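First, one chain by itself in C-alpha cells, the form predicted on its own.
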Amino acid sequence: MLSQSEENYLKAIFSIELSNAKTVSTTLIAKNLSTKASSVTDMIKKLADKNLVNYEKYKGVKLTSEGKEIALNIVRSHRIWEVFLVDKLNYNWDEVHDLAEQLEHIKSTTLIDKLDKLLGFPKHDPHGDPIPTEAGEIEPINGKPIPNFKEGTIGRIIHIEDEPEIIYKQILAEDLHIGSQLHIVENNEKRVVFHSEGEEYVLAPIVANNITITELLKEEFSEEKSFRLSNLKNGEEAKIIGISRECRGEIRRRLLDLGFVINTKITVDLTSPMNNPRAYLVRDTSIAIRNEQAKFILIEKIKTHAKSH
C-alpha cells in the first residue's frame, strides 16, 4: 500500500505530464509540490523501485503504466469528491479543493464508484477539469487560455485553474463563471479586457492565463443581451434565460423551485435599504433573494417601464 506522500507524487507527475511539459523534471515536481529538489530525488528513487516511475537524468520522470493507473484513480477520486461536496453538501466550489485533497486518499474504489453513480456520472468537476472514467479514460480540455486569442474573439469559459491559489482567489473575486460567454475587446502585454454577462473585466495577462475558453461562432454568441439578475434595475423587465453552471446542488434546486426558470418574466419588486436582498416579481409572486444568489440567474432585458433612480 502506498503512502499519501507517494500518491501525491504520482498525481503531481501525472498533472505535469498532462500540461504538455516537454520533460517532467525534478525541479518541476518540486515546484508543483512546494518541496525541495533533494526530497524529490529521494522519492523518485522509491517510486522507481516499486516500478511506478522511470527516471533518466536528461529525459526526466515518466509514469509506468501501473503508476499512471494509480494516478488516474487518485485524480478521479479527487474530482468526484469535489462534485459531491458542491452538489450534495452545498460547499462553494472555491472551498472544496483542500477537502478533496484529504478525501482522495480513502482506499475504496467501491465508494468512489457509488459516489459517481449517485452524482449521475459527472464528466467535469466544479472547476471544469475532466473526470477520468472508471476505465481510466480522460477527455482533453479543448480550449486555450484567454491571452492566446485575438481581440474580437468570442468564447465560452470551460475551465478555471485553481493553482496557484493567489491567482485563483483573484479570479473568484471577479465573479467569473464556467459556462459564461465572453467577448475579448483588448489583449496586450499589459492587460486583457473582455465583456461577459453585462460586465466589463480587466485582468492582468498572468491572471487571464488561468482561464481557458473555447471559441464560439458569432451566431452562437448571445452574451450581448445577457445580464445577471443582480444587475436588473428598478422599472426594467426581463426574462430568465438560464442559471449559471456555477450554481449547483441545493442552491440551484431551490432557485428552480422558487420559479426562476427559463422564459419566466421578472421585474424588481422591492429593494431593502442596503439593496441586498431584493425582492423580484416572478409569476405574480414576490420572492426575496440575496445578490449572491441573483448573480447566478441569467436574464435578457425586455423593456423599461420607468426611468430608474
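Worth saying up front: this structure is predicted, and the values here are computed from it rather than measured. A residue's number is simply how far along the shown sequence it sits, counting from 1.
Not pictured, yet referred to below: the form predicted in complex with the DNA.
- In the predicted complex, at least one heavy atom of Lys46 sits within 4.5 Å of a heavy atom of the DNA.
- The shortest heavy atom separation between Ser38 and the DNA in the predicted complex is within 4.5 Å.
- Taking the partner from the other structure, the DNA in the predicted complex has a heavy atom within 4.5 Å of a heavy atom of Thr27.
- With a 4.5 Å cutoff on heavy atoms, Asp284 does not count as touching the DNA in the predicted complex; it lies far away.
- The stretch in contact with the DNA in the predicted complex, judged by heavy atoms within 4.5 Å, is 55-63, chosen from 251-259, 236-244, 271-279, 55-63.
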